[in-house]
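Take a look at this single chain in structure tokens; it is the form predicted on its own.
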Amino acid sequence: MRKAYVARQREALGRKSVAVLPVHYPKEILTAMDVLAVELWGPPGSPRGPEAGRLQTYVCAVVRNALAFMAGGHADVVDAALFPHTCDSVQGLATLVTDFGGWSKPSFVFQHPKGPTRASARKFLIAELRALAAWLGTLTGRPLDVEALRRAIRLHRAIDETKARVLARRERLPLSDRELYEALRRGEWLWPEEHLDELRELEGKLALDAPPRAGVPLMVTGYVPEPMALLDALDDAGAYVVRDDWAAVGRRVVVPRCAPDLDGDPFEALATLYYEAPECPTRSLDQEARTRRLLSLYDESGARGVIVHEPKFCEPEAFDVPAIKRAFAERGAPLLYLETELETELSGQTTTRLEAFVEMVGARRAA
């Protein structure tokens, strides 16, 4: 489906496309330059080629699968690839796909700063944003139009605001969790205006006068909702996700405390939005701030338990797990830690653990 969509974008609209590795990148710049972003979260399942074996088995499956996917020619429909500074593995992949995978198309990098906002970090970030725009200009053959960037920022603000409303009221949607997340994740490859239309249609399905969804409400924090069968297993067990902090979904929805100034330098506005984004271990090292946010989300959502869902060997996410466990233990909140491979289906053991956790949380709730 994605390959056909990318091809149609090129044939019908003349759009270039870029495969983007997780997680955080300035999608507004790509939109302003009429470049389609196609995110590459692995993909899930067994590596599609032997090149994954060129990396150690303790490297995360997202990177190992991406190397095999690109080396096997499965991403050849795009015109370039973008590697954000998510972690050492993703950043290193920018050269590995050329050295080991025979990738011959342009590879761009976006090295966003880590840690709290500082004048020096903000200056570095703006320089990286401008450098990315210049690199993309070599791909498209034209420079970035500043007014187009302002329009793109407004478009993506509308997407995040709509997505935030849908996520906040998900209990009133006549959809399963899988149906909801399949709709939300279409933004990983759809042209943003099309995605916004779909989100508004989704928001129109909210039945605000309907009773809240039945079942055990849970909060999930983690990297990416893969395998999607996880959502089916929760549904079958009588639970649902009432709030999420997945890096691929909820953690990328930016609702700033004050609207960025779009009349001035749009790069300054992008820097402001970057530092207004929810705490993420791929962007910040402040575990205390992240656990405070997670506890706040938990309290506001009415969740009765929390699932920490991480892909195996994801170092940035793993660093925060002890702090998250400690914070929720002090709160007395039930917590299940799931470390899964980037598989297409859940193992029977994982399904059993989910069922037992939901049963335990449900019993506590009833008591």
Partner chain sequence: MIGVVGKLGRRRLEYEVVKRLVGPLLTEVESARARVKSFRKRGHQPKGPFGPPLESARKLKELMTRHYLEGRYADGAVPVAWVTSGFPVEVLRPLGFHAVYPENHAALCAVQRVVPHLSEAIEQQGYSRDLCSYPRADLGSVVLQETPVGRLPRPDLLCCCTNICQTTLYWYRALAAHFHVPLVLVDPPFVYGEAKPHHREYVRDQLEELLDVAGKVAGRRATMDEIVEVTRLAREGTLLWGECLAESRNRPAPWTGIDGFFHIAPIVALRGKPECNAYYRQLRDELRHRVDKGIGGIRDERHRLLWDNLPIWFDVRGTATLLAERGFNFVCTSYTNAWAEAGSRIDPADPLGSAVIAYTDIILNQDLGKRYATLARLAEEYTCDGAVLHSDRSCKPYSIGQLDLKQRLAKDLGIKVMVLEADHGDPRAYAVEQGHGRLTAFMESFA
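Just so you know, these numbers come straight off a predicted model, no measurement behind them. Positions refer to the first chain, counted from 1.
Note that the form predicted together with the partner chain isn't included here; everything after this is about it.
Margin query: I'd like to know if A71 sits close to the partner chain in the model of the complex, meaning any non-hydrogen atom pair within 4.5 angstroms.
Written below: Answer no; every heavy atom of A71 is more than 4.5 Å from the partner chain in the model of the complex.
Check: Wondering, does G187 line up within 4.5 Å of the partner chain in the model of the complex on heavy atoms?
Finding: It does not: once the partner chain is placed as it appears in the model of the complex, G187 has no heavy atom within 4.5 Å of it.
Checklist line | Contact label in the model of the complex: E128 to the partner chain, heavy atom within 4.5 Å | finding: Yes - in the model of the complex, heavy atoms of E128 and the partner chain come within 4.5 Å of each other.
Margin query: Within 4.5 Å, heavy atoms only: does T86 come near the partner chain in the model of the complex?
Written below: T86 belongs to the contact set for the partner chain.
Note to self: Using a 4.5 Å heavy atom cut-off, which of 154-162, 205-213, 230-238, 280-288 contacts the partner chain in the model of the complex?
What the structure shows: Contact-bearing stretch, as computed: 280-288.
Notebook entry, point to check: Any chance all of Y58, G92 and K114 sit within 4.5 Å of the partner chain in the model of the complex, going by non-hydrogen atoms?
Noted result: Judged in the model of the complex, Y58, G92 and K114 all sit within 4.5 Å of the partner chain.
Next item on the list: Have a look at L270, L144, L199, L96 for me and say which one sits with a heavy atom within 4.5 Å of the partner chain in the model of the complex.
Entry: None of the others qualify; the residue that does is L96.
Next item on the list: Taking 4.5 Å between heavy atoms as the contact cutoff, choose which of A183, A168, L295, V109 touches the partner chain in the model of the complex.
Entry: The option sitting close enough to the partner is V109.
Notebook entry, point to check: Within 309-335, which residues come within 4.5 Å of the partner chain in the model of the complex, counting heavy atoms only?
Noted result: K312, F313, E315, P316, A318, F319, D320, V321, P322, K325, R326, in sequence order.
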